[in-house]
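Heads up, the chain below is alone and in the form predicted on its own; it's given as structure tokens.
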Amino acid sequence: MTSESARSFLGFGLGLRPQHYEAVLSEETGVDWFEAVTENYLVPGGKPLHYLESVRSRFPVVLHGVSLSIAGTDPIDFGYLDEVKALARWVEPAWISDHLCWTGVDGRNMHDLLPFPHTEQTLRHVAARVEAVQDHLGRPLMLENVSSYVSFADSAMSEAEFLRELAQRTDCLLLLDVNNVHVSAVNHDFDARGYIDRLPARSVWQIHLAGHSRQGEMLIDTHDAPVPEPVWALYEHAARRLGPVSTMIERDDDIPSLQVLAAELDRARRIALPLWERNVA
């Protein structure tokens, strides 16, 4: 599977959260697929793997990591990748994703998704690491844009241009976090729709929707609230621009019931499906 092949479309999904395990397996919600946080299942056994096995027997599953540090300068952790590869052999996810960022230095994990300057030098650095990871995993890697709160004087291109060039050079896939685009656009005063328009549509295989919070003049990507109206409006633009892309809602804090999230997810269906059906017609 590469970004040159036909895009896989899973429908409309949610992040798999432990408090929803039983409901996922017992309730009819209309959720099409689930995204599992990779690191939560890199364990030798126990309840997490038991529930993941039960969920994957009923729904498509994708793996979403937070520890790859693809833009970092520490050597790639191939031991970690071996664990991810083994998990993927068992889970058979539709794809594996992580974040376009760095997460630590000198072996210290900062437990955050940290930005970097968008330059030709960093592009070559990240592209080489993406190719090494893809070779090791034996499959394309999907990378997500993160929220940004600082900018770099050395940046010679926009984040969207960086993503487009990275996908072209490595054939990696892209996970478009619409909330993160909105957050960064407000924080740095750029055109969020223009950002989406510059992405290579063929490479975007997944979309995240989420909520955020405000601290003074800054928006913060907190994933602790319903998807706000500006993000829904931006999603409508993305759906029209990109065509059918597997879409999900992320909620990491103040998590409501599965039924509440499924009802919110249905709004994504109501926005996107008419646009996609109109384009097919």
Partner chain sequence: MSALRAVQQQFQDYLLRPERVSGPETVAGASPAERRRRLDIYAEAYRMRLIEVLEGDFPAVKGALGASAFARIASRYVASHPSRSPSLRWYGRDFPAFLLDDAAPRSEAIVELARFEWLQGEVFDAPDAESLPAQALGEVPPERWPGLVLEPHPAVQRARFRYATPRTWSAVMAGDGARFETAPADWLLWRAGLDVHWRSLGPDESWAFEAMCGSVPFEALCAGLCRWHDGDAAAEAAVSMLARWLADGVIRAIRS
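Residue numbers count along the first chain shown, from 1. None of the values given here were measured: they were computed from a predicted structure.
The protein also exists as the form predicted in complex with its partner chain; that form is not presented, and the subsequent description refers to it.
Scanning Leu199, Leu143, Ala167, Ala71 against its partner chain in the predicted complex with a 4.5 Å heavy atom cut-off leaves one residue, Ala71. The single contact residue among Leu113, Leu87, Ala94, Ala192, judged by any heavy atom lying within 4.5 Å of its partner chain in the predicted complex, is Leu113.
Remark: Asp106 counts among the residues lining its partner chain in the predicted complex, judged by a heavy atom distance of 4.5 Å or less. With a 4.5 Å cutoff on heavy atoms, Thr29 does not count as touching its partner chain in the predicted complex; it lies far away.
In the predicted complex, none of the heavy atoms of Ala233 sits within 4.5 Å of a heavy atom of its partner chain. His188 belongs to the set of residues with a heavy atom inside 4.5 Å of its partner chain in the predicted complex. With the partner omitted here, the stretch from 234-242, 212-220, 56-64, 29-37 that lies within 4.5 Å of its partner chain by heavy atoms in the predicted complex is 212-220. Scanning 27-44 for heavy atoms within 4.5 Å of its partner chain in the predicted complex gives Glu39, Leu42, Val43, Pro44 in sequence order.
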